[in-house]
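In C-alpha cells, the next block holds one chain alone, the form predicted on its own.
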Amino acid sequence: MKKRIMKLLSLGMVGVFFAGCSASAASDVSKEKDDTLKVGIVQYVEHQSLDDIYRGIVDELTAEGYEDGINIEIDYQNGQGDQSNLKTISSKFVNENSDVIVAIATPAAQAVASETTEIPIIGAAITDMVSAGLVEDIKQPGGNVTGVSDMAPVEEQIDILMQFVPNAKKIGIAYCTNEVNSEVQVKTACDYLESKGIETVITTVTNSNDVLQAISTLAEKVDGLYIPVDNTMASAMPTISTICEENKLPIVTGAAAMVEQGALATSAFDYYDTGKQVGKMAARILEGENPKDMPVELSKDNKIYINKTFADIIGIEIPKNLMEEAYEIY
C-alpha cells in the first residue's frame, strides 16, 4: 500500500536524523507510533449476529499478523441504529485517515461510502451490494468498496417453514423498510411462496418501536411467519418470540442467532465465520491489494439450526429429517 510505504520511508529518514543526535530512544517511540495502521470498524446496531461478525474480524486479523495495540489500532464504534451516529462515526474515520474501514451491515456501509471514495471500505453482512449502491459489479467492484454478502438461502428457509405448516394458506413476512437488504430477500420469498400458490401477508416497520404492534397484528392473520436477515427485527427477536409463543405461530428466520433468541428454525451460515472472511479481506488490503479488484464474496457453509424449546412451547413437532440434519439444537 502506497500509504504504508511512505510511512516506512519517512520513518527511515527520522531514524537517521535522530541517530546523528544520539536520541535513539525518541526515534524508537516515533517509529512505533507512526507505523501503527488504523482500522476503523463501524457497526450499525448491537445484536448477536453483527457482534459475532466483529469478533470474527478481530480474530482473523490477529491470525493474519495484525494485532490490535501492537501493529494496528482498531477503533470500534457502534451506531446504535441511528443514521446521524453513523455519519458522525464515518466522518471521524475519514478525518483520522484510516487505512481501512470495515462497515458491518448495509446502513453502516452506505454511511461510510458517502464520506469517502478514497479510503478502502469492506462491507460485512450486506445482502446485495449492487442494489445498495456500494459496488458496480460484484465480480469487479470498480471503486473503493468490496466485502462479504450475507445473502441468505431464502428459498431453502421457506421450504423449512413449509415442513412445519404443510397446509398453510397464508405466510406472514415482516421486515424493516429502512433496510434494502431486507427488501431483496422479501421479494425472493414472495415470488417463491406465490409460485407455490401460497398467499403472503406483509407487515413493515421503520424502527424497533413498531415491532410489538406490527407482529401482534400479523400473528392473528397467518399460519406461519418468515423474517429475513434484518437488523431491526433481529434486535427485537425476544419480543417477536414472545408474541409468537402466545399465538402458537412457527417462525423461520434468516439468521442462526435469531433462532437461538427465540425463532423456530433456519438454514443459515455462521456470522462469526463471515467475520473471519471479512478479516481476511481487511488483511489483504493492509498488505496492498486494491478493493476495486477484489470480488465481493458470499458467506459460506449453510447449516440447519433448530429451537426445540420454542417448538415444545407452541406444541409443534419437528420433522425427523430436520432433527437429523441439525447442526445446532437449542
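Model, not experiment: these values are computed from the prediction. Numbering starts at 1 and runs along the sequence shown.
The following text describes the form predicted in complex with tryptophan (TRP), which does not appear among the structures shown.
Distance criterion of 4.5 Å from any heavy atom to tryptophan (TRP) in the predicted bound form singles out Asn181 from the list Ser90, Gln157, Asn181, Thr146.
With the partner omitted here, the residue from Ala105, Ile215, Leu225, Leu86 that has a non-hydrogen atom within 4.5 angstroms of tryptophan (TRP) in the predicted bound form is Ala105. The stretch in contact with tryptophan (TRP) in the predicted bound form, judged by heavy atoms within 4.5 Å, is 46-54, chosen from 60-68, 301-309, 286-294, 46-54. Within 4.5 Å of any heavy atom of tryptophan (TRP) in the predicted bound form lies no heavy atom of Ile240. The closest non-hydrogen atom of Ser98 lies beyond 4.5 Å of tryptophan (TRP) in the predicted bound form. The closest heavy atom approach of Ala234 to tryptophan (TRP) in the predicted bound form falls within 4.5 Å. The shortest heavy atom separation between Thr127 and tryptophan (TRP) in the predicted bound form is within 4.5 Å. Along 249-275, residues Ala255, Met258, Tyr271 each place a heavy atom within 4.5 Å of tryptophan (TRP) in the predicted bound form.
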